[in-house]
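Considered here are two forms of the same protein chain, supplied as structure tokens in two stand-alone entries, structure 1 and structure 2.
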Structure 1
């Protein structure tokens, strides 16, 4: 219904424009034939200053199958309406798509592209850069340049072009990174129409720069943008401390992109993901080891250091994928403070948290009371020092043993292979 309403409004504006042209005294609206006398010639070329050549051919049948089929040439090229002397002037005014698409023109004028165009940045996107000119199709048509699956290429014509990136230093390599992300692979490799493309996160006409408070992607909005397609992650995030405090208007707590990345989002099982088991500590530490960020909320930065020096921390440091990292104990989307009775680290729940099947099955209440965030390098505690030394020996011994075992196994296999070859 909404779409029909919009169409009706645009056709009404178009009709008013056409009637106006008819009744204006001395103004005769050209028919398309008047124009096609010359513009059906597919060898008609204009040479601009500097030698750039552009074809002046217009394929009327393609225009006729476009979304603007009922429009005449001069509905768009309005400055040529009423011109009787041909050939017309060499310079023709730019087409203002906004005469009919008013709302979108306003959005575009306030966007990063519109603002840049006004400042004289000729490379910023105009309507025609994303939509084309004469052969515009509805966004639902798979051949349209703004069809969901085509958008990475359409935005990427600029944002993925190496010359463009060189001319705009500081601009992220958004299109390349996106192509390697889980969303990019789903769209570009597998044609998955429901995975995120540029406009799902940025909007299409209301795109804003990072530091613009008007944008649809500012920190307070990120969770809602991702949550359109990830409602269950959004739900648990909102119930956790980061979500709760973000909703209160604070910009420091983690939002989706702090943990997952922006254009580099990957499946948690992908070793290059920022939330892969061996990388989580680093990801939480970007804030939890920074006094300027968590210190403001009275949260101690010691948590990271004490973890790093703990048995678990040492295991992670040596690359273990099974030892506990921050989210094994704290959960990930619904992280809650210890004082909250539903928190995984509330004293009442610790026995379950430590006793997870892959961890310390059958952990006793007393075991669960051990201080996991305590340093084991206190110089005066010789028992802990001894345990630490033994622990490192065990880890070193296990790794060393594995290497020796693998070397012997490999040598054995080679000898066996040589022998079987010799037998054959």
Structure 2
């Protein structure tokens, strides 16, 4: 009987202990159902100083379709684990996404956003600013805020906000420029999910400043970034003189963004594009008219000036869209020096270059040897000087004669009108 009494007593103590453990706030983690007692109320709000109100409502059905559906609330809100006194304190700790996503947290901390946060920039993007909070969806889901076609809007929430840009005056107006570019129109207007969006060029979590040596958009890396979508152009560029010299560690040779722009990239057929036919010379001249840049590579800065003085250059100056410009002869991505046998301006290839269907079909070998960059102002070339003088006389005489003729005609009409009124 004594043993039976002891056994009964031990069972009772165990039962009491189990009940105590169940109700003890220090050891029991509340379920999602406990949280939803309050947070299922769509009128639940928290009011901050200044009158700003934030909804505390959580849509349980939407939460159930998120990537975090298998998790409990306190898996993310870990400071609330074991809380038994409800409602809990209003001030709760920020959710530490890096607890589970440590690799992405490290990337973000090294990014321009993470560095800004460490410096106290409260507007710098955190995980929730891009991915959301309770309703995070995989990036492959069209409803996700980081889905390919939705990235411009997500990034534009900051980078397209006028107030944000005013508070950060050195930041480019990337969202607006992108929307007007060929990439932006393809994504925003036509829904093309193969066109470049922000993360294709800048990265996702590891976004770096343009002048950061570790970033993907420093000059040595630009071609590779663009080449992810444009492999054919990348191959041509790397075989050309600009690409070859760039691989030697020099920063002066042109990269994609020097000619095409960055966020403002437009189609070559767009008159506002920096590579439109009437703007090619201006774009190439950015470097080739710079004595400091071309002087390092033994290229004459006079090549731009002599082109502008040529028949082709004058045609370009006055808006001709058919006259030859830089790329007509030198090509564009695979530009090569005249000494290269595969160059379009190598002596053995000049006849084909000049004889292109859109230029001088049937051009002879002798014709192709003409000096394209010949200056009309060289004092030692009397033939060119004579032709120039004759052209000036003809043009000046024609325009002058028209002006004199119109002036005489106008004076005669005025005189006739006065005489008519006098007779009346």
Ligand code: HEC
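In this text the structure is predicted, and so the values were computed from the model without any measurement. Residue numbers count along the first chain shown, from 1. Definition used throughout: the rigid core is the maximal C-alpha set that superposes within 1.5 Å between two forms.
### Query
Is structure 1 or structure 2 the form predicted alone?
Note: form predicted alone is structure 2; the other is not.
### Task
Using a superposition on the rigid core, decide whether the Cα position of residue 37 changes by 2 angstroms or more between structure 1 and structure 2.
Shift of 2 Å or more: yes.
### Query
So if we fit the rigid core, how much does the CA of residue 49 shift between structure 1 and structure 2, in Å?
Residue 49 C-alpha displacement between structure 1 and structure 2, core-aligned: 2.7 Å.
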